[in-house]
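Next up, structure tokens for two forms of one chain, structure 1 and then structure 2.
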Structure 1
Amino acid sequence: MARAAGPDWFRLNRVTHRDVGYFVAVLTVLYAVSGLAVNHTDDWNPTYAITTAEVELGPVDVTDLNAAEAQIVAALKLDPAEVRGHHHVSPTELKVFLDEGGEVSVDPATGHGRLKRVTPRAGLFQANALHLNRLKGVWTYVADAYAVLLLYLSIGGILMLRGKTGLLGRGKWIVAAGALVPIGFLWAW
């Protein structure tokens, strides 16, 4: 029997699925890597690399806080251009702020302190900004469009094949198994 005239939807789906897959591949990798990173935020900082070094400066006179800041900057040989200012947090803590969120925290009486440096993690900082929509604005709509394409990839994927390996064959069991994972966790929650 001759096939009915008209588009071959299965073929069209395969071709579209392939090309949409190519199109979103890079962003999907970025989102996946970011997802792995931010899933473990309790254990590490997925966005910034933060290093801390103990420093000994000797007693710092806080009568004049500008002079105290200058003393700290000179003692640590910091570039004055990276210094943003200072804040007398408490009687036992004076902070000097540096670019990018770095700081020097010193106990003025003892001169003991910590130099903290903050550096955005190359790649992850940018991936997280996209994934967590820190860009806001137009990116929100780009991310919406990306989500729609992912929906298509998911639905188009399960409808791609016919026969024994298709959705009506063993596919339905595999889809059901995949659905049971979140359902099971939510049920146990």
Structure 2
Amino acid sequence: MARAAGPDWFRLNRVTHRDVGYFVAVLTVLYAVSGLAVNHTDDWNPTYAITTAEVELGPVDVTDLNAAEAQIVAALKLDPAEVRGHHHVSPTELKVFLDEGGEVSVDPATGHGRLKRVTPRAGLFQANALHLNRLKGVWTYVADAYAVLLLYLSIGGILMLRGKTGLLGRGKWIVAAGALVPIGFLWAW
């Protein structure tokens, strides 16, 4: 029996699936790398590198806190533009706050302290900003469109093949096994 005239939906799905896959490939890699990074926030900070160093400045006069801040900034050769303020926490601690959450903590009497630097991780900072939608605005719609394209790729992929290797054949068992993974974890949780 001859096939009825009209579009070949399976062929159209394969061609569209391929092209949509090419279109979202880079964003998928970016989201995958970012996802791997943010899945392990208990082990490390995937967005920022945090370093600390012991510093010796000599005694710091805290009778004028602005002058004390300037003394610390000069002694450590910090850029004054990155200074966000200071706080005399206690007689044994003066803090100077820096960009991105960095800080200098000094015991004014001894001048012994700690410099904490917080710097964005190249590549991951940007990937995480996109993945976690920190950009908001128009990016929200781009991310929504990406999610819709991923839905299409999933559903289109499931429906791509016919017969014993398609969804009604062995495909149903593979889809069921894939569904059991999140269901099993949610059930155990």
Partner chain sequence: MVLALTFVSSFLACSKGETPAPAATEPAPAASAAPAAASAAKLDGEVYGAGVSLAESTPVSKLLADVDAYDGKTVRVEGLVTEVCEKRGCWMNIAGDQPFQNLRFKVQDGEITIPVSAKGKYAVAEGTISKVELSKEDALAMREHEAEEQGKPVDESAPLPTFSVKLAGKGAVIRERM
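Here the rigid core means the biggest group of C-alpha atoms that line up within 1.5 Å when the two forms are laid on top of each other. Residue positions are counted from 1 along structure 1's sequence. Just so we're clear, the structure is a prediction, and the values are computed from it rather than from any experiment.
- The form predicted alone appears here as structure 2; structure 1 is the other form of the chain.
- For Arg84, a C-alpha deviation of 2 angstroms or more is recorded between the two structures after rigid-core alignment.
- Taking the core as the reference frame, the CA atom of Phe97 shifts 2.4 angstrom between the two structures.
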